[in-house]
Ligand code: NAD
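Read the single chain below, which is given as structure tokens and is the form predicted alone.
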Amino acid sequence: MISRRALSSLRRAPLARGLSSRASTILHALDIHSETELEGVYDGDWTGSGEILESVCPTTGEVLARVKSATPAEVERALERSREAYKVLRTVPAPKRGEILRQIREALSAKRDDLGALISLEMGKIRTEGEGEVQEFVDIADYGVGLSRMMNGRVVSSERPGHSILEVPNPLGVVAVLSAFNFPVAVYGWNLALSLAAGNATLWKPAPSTPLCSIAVTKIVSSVLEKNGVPGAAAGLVTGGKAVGEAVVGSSDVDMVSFTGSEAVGREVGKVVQGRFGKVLLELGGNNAAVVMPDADLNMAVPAVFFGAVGTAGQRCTSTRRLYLQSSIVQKFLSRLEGLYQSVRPGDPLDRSTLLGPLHTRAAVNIYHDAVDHLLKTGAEILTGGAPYKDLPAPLNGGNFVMPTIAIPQEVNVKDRVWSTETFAPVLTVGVFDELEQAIEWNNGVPQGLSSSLWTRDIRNVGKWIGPAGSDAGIVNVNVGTSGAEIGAAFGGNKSTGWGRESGGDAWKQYVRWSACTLNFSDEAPLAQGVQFSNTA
């Protein structure tokens, strides 16, 4: 058995071998020096002395860095400092908070390409998607700048003479953001921008497999806060695993928890937060369907389904998992889609010509295999894919590459696991329908309700799809794929997706506490509804 002293010595040791040049160039550009263990806690100061997290490149299997996560005491201190920072930030005028957001936007934009490359390196999505993810943060910061001057309450007419009623938004407190690996920057950005504009402190607990993205972003944000005399803990960071997440979620010092992740974990997060009467925002599973009518423009629909199912190697919450084709176009559509699938080749996501990167972890590869095995056991036809790539050249032979898969199950039974379970991998199942009403029933028949897409040029189909008997998802698109939402509208899903809304629209209203304030500026004190309560005759 290794002694405690020997184990401690090993934990402090530098990486056994030098980083590849593809990795070291990106990390150094973002002031991340992985020759020694990195500190993964920021509360105004950089610390970290807990469990060691390894950041592993999913493309090559290379260990990029080792990060010292938060101990229970460090989590507690970060929470205390977040609360102190909130007390400072809530007194800063909202337009001034908007100015800070503008500066964060400028700092992020200056590092957009470098951060995008880091996302590709650590998460595995292709370069254009990595840069696009940073652009989402830039865009929502822009949005937050304007929002800081428009987070308005309203005046409500009173039934009593000489009275007015105000609905007033005020800062909420501390907002904890627990983000997932697949969007290691943007989801935090959606939350931070609205939370900061509202006057809250934000504490980030990222996925344990993407600590470098969170460290790089926090360095950029904290530098802006420091220049403006705002405590760094206004945008704190605690890296770690399950225990760190549980400590943050369970803390009464956290007024709101925004959680992005699986349905199973989200269900437990919701119970814990609601059990202590906190606010909770959940963004959970997405088992998204595209429905293609016979009048659809296939020149638009086929590439959109291809991107929806294969983009990010099928690891978006909004990835297309289910494809419902009207019976008259099945062969034509699948022939064109299969041609696109067979043309795609795995590659280094840092190479701008690459369209297919790796799955994020070995565990994800196992989930892919399990899904394909179940499809085969239940008699599904594998049209293309269904296996990992073999004999890839070095260094890709150390990565988590799998073939994008199209499968045609024997029947559409939305209660069956094939249709009802989200597989976070590039596996697309195909069903055939005759009437749109049947496709809508299948679309709505699964537990999840994040994104959906109808392809048609018939306005009558559009009316059915977006109406009360149409798609029950939070995102209901027409002639737009399931994947690739903009920041201007609220993002989120219904049913077991969690009912949460982030980003644009009215999402900001969740990040404030609301008060109804009745003001009496008359010389009388009448009761509402004409109630009389007096002991005089």
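Treat the numbers as computed from the prediction; the structure is a model and nothing was measured. Don't overthink the numbering: it's just position in the shown sequence, from 1.
What follows is about the form predicted in complex with this ligand, which we do not show.
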**OP:** Answer with one of Thr312, Thr260, Asn200, Thr320: the residue that has a non-hydrogen atom within 4.5 Å of this ligand in the model of the complex.
**Re:** Thr260
Original post:
Out of Ala180, Leu350, Ala407, Met256, which one falls within 4.5 Å of this ligand in the model of the complex, going by heavy atoms?
Top reply: Ala180
Subject >> Interface stretch in the model of the complex with this ligand - options 281 to 289, 70 to 78, 296 to 304, 412 to 420, non-hydrogen atom within 4.5 Å >> reply: 281 to 289
Original post:
Would Lys242 sit within 4.5 Å of this ligand in the model of the complex, counting heavy atoms only?
Top reply: yes
Original post:
Do Thr497 and this ligand come within 4.5 Å of each other in the model of the complex, heavy atoms counted?
Top reply: yes
Original post:
Should Gly385 be counted as a contact of this ligand in the model of the complex, where contact means heavy atoms within 4.5 Å?
Top reply: no
Subject >> Partner contact for Phe491 in the model of the complex: this ligand, 4.5 angstroms, heavy atom >> reply: yes
Original post:
Which residues, if any, of 199 to 215 lie within 4.5 Å of this ligand in the model of the complex when only heavy atoms count?
Top reply: Lys205, Pro206, Ala207, Pro208
